[in-house]
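Have a look below at one chain only, the form predicted on its own, in structure tokens format.
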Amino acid sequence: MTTTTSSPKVAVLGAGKLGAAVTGLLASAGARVALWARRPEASAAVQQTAGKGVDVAATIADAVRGAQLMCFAVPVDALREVARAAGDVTTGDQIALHACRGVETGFVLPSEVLREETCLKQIGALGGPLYLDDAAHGRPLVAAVGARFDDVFRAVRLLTKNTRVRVHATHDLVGVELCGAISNVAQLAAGMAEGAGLGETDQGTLLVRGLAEAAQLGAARGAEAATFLGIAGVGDLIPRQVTSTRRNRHLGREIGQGTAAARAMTAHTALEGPVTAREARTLGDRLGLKLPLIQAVDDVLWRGAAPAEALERVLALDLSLSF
């Protein structure tokens, strides 16, 4: 994709809130969007809203074939299936973006799933505030883009040059993915604290500890400390919550108010936070890391611990930030 490319084709896979926002932004910027969703009626609704320049694709292969860039706008638990279908027609020169905020069992990162299921090499992760309501109201949308290839940044900036999207680029792909994944775990903890009657100061402390523990995991996976202090990390804590973290916080609040964790998680499907907490705890235990917040969330969600007691133990600990 070069600056001379006219009306580039972009495949958007997923028609949820993120997919709809991306489709609308790209269509308004003059891109040709091929939109696929599991439910055809969801694609049709987005197409009607976005208007000219959006075609509904019957299959993932139809959407991806010939696209210069593809955006995987699906939850992490659906990513492998979608990537496998896309992998049949992807080519090595295509660029992929994802906005998953979680991991697979075994602490497999989304970029690793894409590499396993496709021939794609130029992969970027969207992170940071990504507050889609701002985009819907014409306000600037701020995002971190983590990728190892500069062509990813050039493609994103080309596609968004006529929009109010502000892109902050970093080569730390793993760091951006970890910030997004562990932010959902921290929001679960903050939601539990809110539901249990703990104050805003305690909730904020838990969010900061979540960021510190994300940085510990990042150091173990080769991420850069600066990423956690930038738009993808601290920048994600400051604005209002993005859709993913809002839903995880709501789940945590229900559990904090007394709803059994198993029952609450059954009612809130496709959330990435619970699995991420479990897998992060397993990885941390294997690496000998001290991750009290992640362990507490895992204890509440999967081991029957009482939210208030588990979080009070975390809040009683010293919070030393080592980035």
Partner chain sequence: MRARDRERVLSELASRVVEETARAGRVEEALADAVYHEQRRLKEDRSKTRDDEQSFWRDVQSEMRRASERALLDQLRRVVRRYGDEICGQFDERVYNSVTRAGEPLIGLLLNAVSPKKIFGELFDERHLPRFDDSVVLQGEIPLLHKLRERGTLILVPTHVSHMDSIAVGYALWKLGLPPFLYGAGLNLFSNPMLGFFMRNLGAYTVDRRKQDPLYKRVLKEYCTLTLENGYDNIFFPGGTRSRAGAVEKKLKLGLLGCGLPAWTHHLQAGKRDKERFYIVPATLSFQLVLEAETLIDDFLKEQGKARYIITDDEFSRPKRVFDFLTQLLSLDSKIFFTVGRPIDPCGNAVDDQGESLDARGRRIDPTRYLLVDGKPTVDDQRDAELTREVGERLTDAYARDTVIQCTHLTAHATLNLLRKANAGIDFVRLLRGGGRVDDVPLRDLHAEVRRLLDELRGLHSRGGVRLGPIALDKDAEDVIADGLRHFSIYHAQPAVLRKGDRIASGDRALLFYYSNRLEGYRLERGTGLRSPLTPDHRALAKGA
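Note that the structure is a prediction, hence the values are computed from the model and not measured. Residue numbers count along the first chain shown, from 1.
Only in words, not in the display: the form predicted together with the partner chain, which the text now covers.
- Considering the partner chain in the predicted complex, the lone stretch of 182 to 190, 219 to 227, 102 to 110, 141 to 149 in range is 141 to 149 [heavy atom distance within 4.5 Å].
- Note on contacts: among Arg246, His168, His171, Arg157, the single residue with a heavy atom within 4.5 Å of the partner chain in the predicted complex is His171.
- Between the partner chain and the residues Asp77, Glu117, Asp202, Asp134, the one pair within 4.5 Å by heavy atoms in the predicted complex involves Glu117.
- By the 4.5 Å heavy atom rule, the three marked residues Pro274, Arg278 and Asp285 all fail to count as contacting the partner chain in the predicted complex.
- By the criterion of a heavy atom within 4.5 Å, Gly197 is excluded from the residues contacting the partner chain in the predicted complex.
- The partner chain in the predicted complex comes within 4.5 Å of a heavy atom belonging to Thr91.
- Although the partner is absent here, His250 sits far enough away that none of its heavy atoms falls within 4.5 Å of the partner chain in the predicted complex.
- In the predicted complex, none of the heavy atoms of Gly235 sits within 4.5 Å of a heavy atom of the partner chain.
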